[in-house]
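Coming up is one lone chain in structure tokens, specifically the form predicted on its own.
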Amino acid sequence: MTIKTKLARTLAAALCLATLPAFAQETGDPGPAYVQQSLAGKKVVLIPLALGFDLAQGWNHYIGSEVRGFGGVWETRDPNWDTAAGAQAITDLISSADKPAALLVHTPDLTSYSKLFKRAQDAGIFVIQVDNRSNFASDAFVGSNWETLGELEAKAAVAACGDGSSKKIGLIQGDQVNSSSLDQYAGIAKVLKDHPDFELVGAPDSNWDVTTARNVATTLLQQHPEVCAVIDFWDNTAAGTAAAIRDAGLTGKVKLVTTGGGEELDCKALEDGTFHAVVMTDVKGQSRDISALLKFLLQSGLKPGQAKSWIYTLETATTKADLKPGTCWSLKDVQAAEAALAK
């Protein structure tokens, strides 16, 4: 083989290599291994007020999907509205040989679980309070700034009354021990103080029961049929208040404002005029916040009790005019997805 032939072949080989695609080189990113080491196998437990309503089912699905996705273990405990049963569930988890890495708790009131939260942290368990806060500042609270939410409701009610002759507003509160109810009232009172021409004519408690809401709303409307708006502190009980407004023949005259988790029923109630406005607490958004917070805490090297965070959901008062595709999430879709997982 001549030197000229060898040179030609060498040149051809070089040209062929130059046309081959470049293969990606590993960058040495430590992230995936650290995430795997920090998160895989970590148990996270949700303890809502009860599992049988939209908020809890939404959190269970959206946060549970994230936890399972990062290789964690996801569990729930269902107190079914029984505070003592919820306390027992927390106690059992603290003393369990297989302790969770984190507890997500929907607290029933300001005091019942406070000492248990401290015990959980002392046992090495992160505690994130969801939606309702207690008077113990645990590792984090994720949910509404309920005073701000009350302000949004009150502003929506004042706007709904407009320039009409009536300036009377009624409230259907939750109770006198739950932070969401107490702080909501404080926010409403703050706005009405800036509108002295408006009068608060009644504020009975529903105790978070739809039948009780209907009964106390009926009484309020009988005593004050001239009210221009009623603010109910929860969309579930607002269904009872709406029934009372309908029974009194005041549909369209009395505007109903409430708060809710943004499930499809809220959008339907806005569309058909049952609700005038809903301040939506955004279950999907809260679930993303909680999932991100879990990932951070479990990787951070922090110990439970070393730091505190409050992550408030960004909210607005949504009316029929604001509705668009995707405004609300579907409980039916969530239930179908959970049923598929169970198979």
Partner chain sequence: MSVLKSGTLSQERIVFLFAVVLFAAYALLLDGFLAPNNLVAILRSVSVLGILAVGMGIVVIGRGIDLSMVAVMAMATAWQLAMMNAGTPPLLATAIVFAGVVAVGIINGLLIAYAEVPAVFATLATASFVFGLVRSRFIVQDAVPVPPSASFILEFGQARLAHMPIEVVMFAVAAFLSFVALRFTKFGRYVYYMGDNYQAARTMGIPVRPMIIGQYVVSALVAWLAGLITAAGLQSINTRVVNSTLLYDVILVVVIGGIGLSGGKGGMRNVVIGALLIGIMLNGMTILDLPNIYQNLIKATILLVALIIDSRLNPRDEQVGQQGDI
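Since the structure is predicted, the reported quantities are computational estimates derived from the model, not experimental observations. Numbering follows the first chain given and starts at 1. Here the rigid core means the biggest group of C-alpha atoms that line up within 1.5 Å when the two forms are laid on top of each other.
One more form of this protein should be noted, the form predicted in complex with the partner chain, which is absent from this view; the next part is about it.
- For the marked spot (65, 67 and 260), a heavy atom within 4.5 Å of the partner chain in the model of the complex is absent from each of the three residues.
- Residue contact with the partner chain in the model of the complex: residue 30 places no heavy atom within 4.5 Å of it.
- Heavy atoms of residue 312 never reach within 4.5 Å of the partner chain in the model of the complex, leaving it off the interface.
- Although the partner is absent here, residue 214 is a contact residue: one of its heavy atoms lies within 4.5 angstroms of the partner chain in the model of the complex.
- Residue 197 falls outside the set of residues with a heavy atom inside 4.5 Å of the partner chain in the model of the complex.
- Heavy atoms within 4.5 Å of the partner chain in the model of the complex belong, among the stretches 137-145, 235-243, 151-159, 188-196, to residues of 235-243.
- Of the residues given (210, 123, 250, 73), 210 alone sits with a heavy atom within 4.5 Å of the partner chain in the model of the complex.
- 57 is the sole member of 318, 287, 281, 57 with a non-hydrogen atom within 4.5 Å of the partner chain in the model of the complex.
- Contact annotation for 98-137: no residue has a non-hydrogen atom within 4.5 angstroms of the partner chain in the model of the complex.
- Once both forms are overlaid on the rigid core, the distance between the two CA positions of residue 205 between the shown form and the other one is 2 angstroms or more.
- With the core held fixed, residue 215 shows a CA shift of 2 Å or greater between the shown form and the other one.
- Put the two forms on the same core and the Cα of residue 71 is off by less than 2 Å between the shown form and the other one.
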